[in-house]
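Next up: just one chain, as structure tokens, the form predicted alone.
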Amino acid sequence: MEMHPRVREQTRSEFDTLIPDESELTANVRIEPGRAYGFFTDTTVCIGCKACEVACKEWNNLPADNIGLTGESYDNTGALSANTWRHVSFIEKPVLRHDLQQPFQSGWLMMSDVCKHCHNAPCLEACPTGAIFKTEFDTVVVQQDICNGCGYCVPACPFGVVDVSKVDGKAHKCTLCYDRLKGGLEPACAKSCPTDSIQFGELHKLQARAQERVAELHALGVANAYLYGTPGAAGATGDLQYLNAFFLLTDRPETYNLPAAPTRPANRVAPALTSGLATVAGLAVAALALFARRW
């Protein structure tokens, strides 16, 4: 990653106060309200270290869950939940060696999954209390003090992200470190990632950087590399338009537990209502016909 000039200005490791706009030093981006920010996750450089999971839990004071062995490789958390807002998937695939594959390559696919912060967020549309809102950074956040625990947002999310806690009965998910963004800090998961698999920044710049990365991988012979969640790509279907947290993948979306063509449930309301009304009307006509015969 290119070093920001301000990095050279900070020569000490301890400071009396918070560094203004620290994200310029760590992510080379100044966080300003009114701009869209997000994550670009490059799965080809993820090493499965789980630093993002730990950083997320530590910053957001989330309890540990599923302590112990699940029997599913090194994946002890299993999935995103009310207590796990970052989840690193370990996907092992059988590999047939051939002359084009280097000896050190393996069949492991790893991906740090997170809330997608959809442009047209279905969870927000389904929320009846206004607990879910779009922030000034174009991210999606749940306000637990307003959430009534109805759970409508859970089935509305096409990615299975939102979860209702068994402790407080409220919906929880990644906030894209909303509190850190307001303080000019890079999100904890991206800041802790040692390989820059998780990259934080302005959305349009991340999308351009991701396109360059795909072109680079294609030039290296990784022909199956593609983007998931950018405009016009897989994952941005069904009127979602695009995802603020998008991914670079090298296998089918389903392999990473992602839907191939997610959709907004709101798009199905009108057809469902129309068919329901048509059914009721048909039953009414049949009932009238039946009573007319009797009389």
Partner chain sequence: MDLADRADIAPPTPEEPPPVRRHPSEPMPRWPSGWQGPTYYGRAQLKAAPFENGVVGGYIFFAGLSGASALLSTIASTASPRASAALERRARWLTLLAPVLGAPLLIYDLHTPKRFYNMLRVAKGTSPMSIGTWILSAFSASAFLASGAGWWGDRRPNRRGWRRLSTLARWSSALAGAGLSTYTAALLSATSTPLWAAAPRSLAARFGASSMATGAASLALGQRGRTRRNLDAITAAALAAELTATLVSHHRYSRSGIAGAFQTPWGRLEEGGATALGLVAPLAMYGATLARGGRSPLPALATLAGSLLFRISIMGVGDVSARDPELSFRFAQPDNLPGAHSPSRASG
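Numbering follows the first chain given and starts at 1. Source: prediction; values computed, not measured.
Keep in mind that the form predicted in complex with its partner chain is missing from the display, and what follows is about it.
Although the partner is absent here, Glu216 lies well away from its partner chain in the model of the complex, with no heavy atom inside 4.5 Å. Gly48 falls outside the set of residues with a heavy atom inside 4.5 Å of its partner chain in the model of the complex. Taking the partner from the other structure, its partner chain in the model of the complex has no heavy atom within 4.5 Å of any heavy atom of Leu18. When contacts are judged by a 4.5 Å heavy atom cut-off, Pro158 counts as touching its partner chain in the model of the complex.
The candidate spot formed by Tyr152, Ala233 and Leu258 is fully in contact with its partner chain in the model of the complex: every one of the three has a heavy atom within 4.5 Å.
In terms of contact with its partner chain in the model of the complex, the residue from Gln144, Thr195, Gln211, Thr135 that brings a heavy atom within 4.5 Å is Gln144.
Shown without its partner, the chain has Asp163, Val164, Asp168, Gly169, Lys170 in segment 163-180 as residues with a non-hydrogen atom within 4.5 angstroms of its partner chain in the model of the complex.
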